[in-house]
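A lone chain, given as structure tokens: the form predicted alone.
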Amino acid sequence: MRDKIIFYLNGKKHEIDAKDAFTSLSTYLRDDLGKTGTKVVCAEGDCGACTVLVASRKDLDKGKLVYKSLNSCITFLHLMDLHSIITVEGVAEKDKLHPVQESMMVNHGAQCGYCTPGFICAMAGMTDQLKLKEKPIDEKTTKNYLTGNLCRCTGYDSIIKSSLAVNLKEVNPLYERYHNSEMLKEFEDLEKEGVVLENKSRQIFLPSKIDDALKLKNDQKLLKCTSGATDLGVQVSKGRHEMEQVLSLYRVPEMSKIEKKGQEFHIGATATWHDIEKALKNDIPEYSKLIHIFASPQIKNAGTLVGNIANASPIADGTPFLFISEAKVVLSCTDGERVVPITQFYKGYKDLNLKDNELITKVIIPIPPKEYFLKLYKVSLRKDMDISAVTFAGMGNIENGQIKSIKLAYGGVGPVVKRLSTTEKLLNGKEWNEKNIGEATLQVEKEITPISDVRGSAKFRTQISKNLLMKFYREIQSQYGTEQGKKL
């Protein structure tokens, strides 16, 4: 067992012991190393000023480390074991500015400059990935990569122009500049051993094998299990939570796997949202589209679906679809596995069907049959990366104008995500028309129990829930109905 965290920062090796392992990466950069180019503004992973670029051996492509953006303000140092990290100080090449930096300067892409380092890192990561894929820079791609970066004074027009003006031929990619065969070999050797960090009453366990993780959970049932810790990082940053004992699975290789088995996807506990979005794009495109807008690249590069499930928020964007697809949660312990339908996993608000000695190791998502129509909606103040007021998932099979099967689930309308079984029974077997859907909206109102909070009143949520069912009907009718010469 190793008792230190090891990573490389701008090409130089760093070793961190237990007393610093709970520290955020941004605090370590700024306070311990004096690398103040990385800024901290919101301290909750929302503005992107603290963006850095990171890569591990899981991110190898064509033998090179492909760096991805991450919010350093909510990333703990213990999550950086066996990673290569690049900060804004490492983007420039000796005395020569990176083409992204040069373009931001020439095209007036900064005023106060506080957000600029985060934009620089996100854009440098973008140029690396486009160069590797041999794709050009365009406006849509730029906006996608910069979704998680907020600027309050410059205005995005000049930042986007700065990105479009970059000549990729002039970019000496970071995956070439920071390629280090000795580092990669060192990481490969160290991956095989676990890490245990202890400082007074605080402990961190980073096992490399799932059996070791299950034994730890069995022996120390109060362990807090994390993966990307994107929500937990905010709680700690804001002083709402103090971590004492942590078990993280990100160093267990099989936990990051996404496998298609027949008509199912098996998604490991540490598979990130970014990887899930890519993996499901062809088979479940509607879910992939929802993932695209529900969080920033920085969050999706760290956060996980299983973390979303375990967090048990009633407004979790990823969960309503799992309810209507009848996904299953795989729970593991030293005695074996048990598989629980997602609809039976939540017993109440933040109350899970999860034993003290169990870990969520996988979620199994059935691929909807081709004859089913699927729609997923979220209602929030912003389209991208915002917390929802109400979420909706609807899936139906309609033949010759008759509803053969319909499945409906809502988030944000009760203490847990709600499958509307009574509304489904009311609609099944009926004609697919606006009259019947309208009558069903009255049943929706009876099945949900929304509350009023900062994101909307109970009355607002009730009306939105009814409207979303009608939207579901009208969109399907518009796309596949008789208006286009097809018959449902």
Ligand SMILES: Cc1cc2nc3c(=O)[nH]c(=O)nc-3n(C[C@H](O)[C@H](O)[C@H](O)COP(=O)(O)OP(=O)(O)OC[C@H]3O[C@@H](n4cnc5c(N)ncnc54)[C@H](O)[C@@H]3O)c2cc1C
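What you see is a predicted model, and the numbers here were worked out from it, not measured in a lab. Each residue number is its position in the shown sequence, starting from 1.
Quick note: we don't show the form predicted together with the ligand, though the next part is all about it.
Participant: Would Asn308 show up as a contact with the ligand in the predicted complex if we use heavy atoms at 4.5 Å?
Facilitator: Result yes; Asn308 sits at the interface with the ligand in the predicted complex.
Participant: At 4.5 Å between heavy atoms, is Leu354 in contact with the ligand in the predicted complex?
Facilitator: Taking the distances in the predicted complex, the answer for Leu354 is yes, it comes within 4.5 Å of the ligand.
Participant: In the predicted complex, does Asp61 have a heavy atom within 4.5 Å of the ligand?
Facilitator: Contact with the ligand, no.
Participant: Taking heavy atoms only, is Ala229 within 4.5 angstroms of the ligand in the predicted complex?
Facilitator: It does: once the ligand is placed as it appears in the predicted complex, Ala229 has a heavy atom within 4.5 Å of it.
Participant: If you check Met183, Cys225, Leu376, Leu77 against the ligand in the predicted complex, which one has a heavy atom within 4.5 Å?
Facilitator: Of Met183, Cys225, Leu376, Leu77, the residue with a heavy atom within 4.5 Å of the ligand in the predicted complex is Cys225.
Participant: Among Ile120, Ala213, Leu174, Ala295, which has at least one heavy atom within 4.5 Å of the ligand in the predicted complex?
Facilitator: Among Ile120, Ala213, Leu174, Ala295, a heavy atom within 4.5 Å of the ligand in the predicted complex occurs only for Ala295.
Participant: Where, among 232 to 240, 409 to 417, 122 to 130, 333 to 341, do residues come within 4.5 Å of the ligand in the predicted complex by heavy atom distance?
Facilitator: After filtering at 4.5 Å, what remains is 232 to 240.
Participant: For the heavy atom contacts within 4.5 Å of the ligand in the predicted complex, list the residues of 359 to 383 involved, in sequence order.
Facilitator: Counting only heavy atoms within 4.5 Å of the ligand in the predicted complex, the contacting residues of 359 to 383 are Leu359, Ile360, Lys378.
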